[in-house]
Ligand SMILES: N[C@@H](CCC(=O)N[C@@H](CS)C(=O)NCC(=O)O)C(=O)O
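There is one chain below, alone, in structure tokens, taken in the form predicted on its own.
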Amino acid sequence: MKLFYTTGTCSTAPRILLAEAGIACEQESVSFKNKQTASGADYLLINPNGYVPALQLDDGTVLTEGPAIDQYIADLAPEKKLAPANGTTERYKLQSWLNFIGTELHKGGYSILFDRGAADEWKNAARAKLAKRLAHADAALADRPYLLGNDFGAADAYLYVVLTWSEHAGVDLSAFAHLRAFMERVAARPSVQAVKAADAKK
């Protein structure tokens, strides 16, 4: 397998999950500016949408969209409990969280704040919406270390990565004690430390 990623983006989540699962996977960075991979390949031929992540399987199949890739990786190592078994109620809870993070936080909130063409009124509306959505996630973590309970999983990796954008996006997390504790908890995991160390070498 080969994972295509860009440092600092949502493609960091599958990298964390690969480390959690102990799965060896080639990883190649992609330039946002010229849509080329580190080896000089045209990334648009790999993922016509042009964004990361993309996961190329050994048979040549290419998976796109972070939540799908996160679940695929989790299912490769069921013993790590990164995702509940398919068909269970808990699995649908995982998918609910992945969709919530992807639509309500990532695309519906933070992405707008990074859009240089977005009007200030749009950004102010996005921050107001984010405050409500972050409060929901904060409340969910009030009585548990991770979104689905005691086990770190795919949704936690995604949520953590999105929340790391807060400072650069001007999103204040000071009112969300449970989210801040979650961030510290996840940041201390060896998998996250390994990905950070790898990025620091570049």
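Small disclaimer: the values here were computed from a predicted structure and weren't measured. Throughout, we count residues from 1 along the sequence that is shown.
There is another form of this protein, the form predicted in complex with this ligand, and it is not shown here; the text below is about that form.
Partner proximity in the model of the complex, defined as non-hydrogen atoms within 4.5 angstroms of this ligand, places exactly one of 170 to 178, 149 to 157, 134 to 142, 65 to 73 at the interface: 65 to 73. Residue contact with this ligand in the model of the complex: K107 places a heavy atom within 4.5 Å of it.
The shortest heavy atom separation between I16 and this ligand in the model of the complex exceeds 4.5 Å. Put simply, P48 is far from this ligand in the model of the complex: not one heavy atom of it is within 4.5 Å. Put simply, V52 is close to this ligand in the model of the complex: some heavy atom of it is within 4.5 Å.
Taking this ligand as it sits in the model of the complex, the stretch 19 to 33 comes within 4.5 angstroms of it through a non-hydrogen atom at just one residue, F32.
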